[in-house]
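Have a look below at one chain only, the form predicted on its own, in structure tokens format.
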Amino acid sequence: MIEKASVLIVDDEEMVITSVRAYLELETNFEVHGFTEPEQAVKFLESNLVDIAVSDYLMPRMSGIQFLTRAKQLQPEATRVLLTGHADKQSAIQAINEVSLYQYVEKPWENAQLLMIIQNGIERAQLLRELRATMSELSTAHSSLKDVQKKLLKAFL
């Protein structure tokens, strides 16, 4: 069974979370988790896998960049998107560099554009997880082959 894609939205404005959640629930079958407090979202990330984290830039106590930095530490494969009402190119560059930001979206956003970003971000996260799993399998297979090679050499020498 394929698990539902998981979307995390963090914004200190409840209306933003409600709006994005309602749109995604109408258009997709994604599991949507919304938090108005970034600290609660961090706790959620500690025990729940998400495919994409969408965060507001300006929030009290913890900025979007600080939150996404923590999200990257906890779940490096999860895609990170920053929402902002402030067209500040310097903060966008900072976010891209510090948190490997996937996308920077200005408020107000176009629903169709946000949906495409979220869908592509989910696909990216899932591909990264598959790649990591495949690399791990290859590493294990390589180690096994080396062991067999050593045993064969020992048997014939």
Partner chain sequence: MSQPSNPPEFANELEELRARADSLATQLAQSYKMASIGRLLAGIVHEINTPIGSILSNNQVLYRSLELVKSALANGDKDSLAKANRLVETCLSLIAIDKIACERISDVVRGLKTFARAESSEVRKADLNQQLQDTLKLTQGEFRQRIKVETDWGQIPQVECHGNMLSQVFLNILVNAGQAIQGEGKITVRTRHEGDSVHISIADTGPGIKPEDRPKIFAGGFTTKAVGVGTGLGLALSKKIVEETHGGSLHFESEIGIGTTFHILVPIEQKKKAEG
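Quick caveat: nothing in here was measured; it's all calculated off a predicted structure. Numbering follows the first chain given and starts at 1.
Same protein, other form: the form predicted in complex with the partner chain, not shown, and the subject of what follows.
Not one of G34, I96 and Y102 places a heavy atom within 4.5 Å of the partner chain in the predicted bound form.
Exactly one listed residue, out of N111, Q126, N120, T69, brings a non-hydrogen atom to within 4.5 Å of the partner chain in the predicted bound form: N111. Although the partner is absent here, I9 sits far enough away that none of its heavy atoms falls within 4.5 Å of the partner chain in the predicted bound form. Contact check for R61: a non-hydrogen atom falls within 4.5 Å of the partner chain in the predicted bound form. Interface residue remark: M15 is counted as part of the site for the partner chain in the predicted bound form, having a heavy atom within 4.5 Å. When the partner chain is considered in the predicted bound form, A133 lies well away from it, no heavy atom lying within 4.5 Å. Contacts to the partner chain in the predicted bound form (heavy atom within 4.5 Å) from stretch 20-35: A22, Y23, L26, E27.
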